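Starting off, we have a lone chain in the form predicted alone, written out as structure tokens.
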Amino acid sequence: MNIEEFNNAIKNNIVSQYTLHDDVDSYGNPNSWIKLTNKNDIEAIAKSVSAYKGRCVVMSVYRNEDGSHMLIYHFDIDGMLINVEVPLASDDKNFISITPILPSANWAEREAREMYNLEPVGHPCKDRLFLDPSMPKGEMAEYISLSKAQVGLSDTDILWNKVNEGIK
């Protein structure tokens, strides 16, 4: 399987425009990038990855300066890496969960919910992944200056209070 074959598999199932380009990392490993314009097209991508017996390796999330978020799913199909960018509008916190299609996306989507307060609609598990239930959702949305983060401080003491409670 190569990226042209994968592109042929997805192009009739994606409803909006997308771009695809190939890249090679500094170690010479090939990878491909797909940029979606419609967040709902991730479902068609996930179905194609599943059809080729691929998996979700991890998902990256970042917030743009305008407050919108970008989800990047990183898929592996028999050693071929495919990165898919899924844009969310600044007032949009929901995205379609692909976990029912690719169970390997389970923890990544739960992490996006927990850390960025984004909701994977249709995700089968509502449990938190690793943060204590008393901590607010969207921890990564809170601003923590780099100088504070480097010494383990935040704008709240919730985390360290929990750590200290566990030590006692």
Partner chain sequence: MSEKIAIGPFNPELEESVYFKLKADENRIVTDVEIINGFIHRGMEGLVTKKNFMQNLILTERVCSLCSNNHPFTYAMAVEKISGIKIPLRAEALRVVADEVKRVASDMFNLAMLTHLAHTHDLMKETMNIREHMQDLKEVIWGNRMDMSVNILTGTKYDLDEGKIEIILEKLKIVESQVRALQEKYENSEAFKEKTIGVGVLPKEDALSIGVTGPVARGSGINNDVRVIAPYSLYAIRPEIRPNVTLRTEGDVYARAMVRFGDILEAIRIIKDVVADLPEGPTYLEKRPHIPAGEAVVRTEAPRGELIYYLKTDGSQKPERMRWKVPTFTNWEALKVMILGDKVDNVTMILNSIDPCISCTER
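Residue numbers count along the first chain shown, from 1. Remember, predicted model here, so these are calculated numbers, not experimental data. Between two forms, the rigid core is the largest collection of C-alphas that superpose within 1.5 Å.
Below, we refer to the form predicted together with its partner chain, which is not included among the displayed structures.
This chain is drawn without its partner chain; in the model of the complex, the residue among Asn38, Ser104, Ser68, Asn117 with a heavy atom within 4.5 Å of it is Ser104.
Its partner chain in the model of the complex comes within 4.5 Å of a heavy atom belonging to Val24. Not displayed here, its partner chain is kept clear of Lys93 by more than 4.5 Å at the level of heavy atoms in the model of the complex. The closest heavy atom approach of Lys47 to its partner chain in the model of the complex falls outside 4.5 Å.
Heavy atoms of Arg113 never reach within 4.5 Å of its partner chain in the model of the complex, leaving it off the interface. Counting a residue when any of its non-hydrogen atoms is within 4.5 Å of its partner chain in the model of the complex, the hits in 83-98 run Asn83, Glu85. Once both forms are fitted on their rigid core, the CA atom of Asn29 lies 2 Å or more apart between this form and the one not shown.
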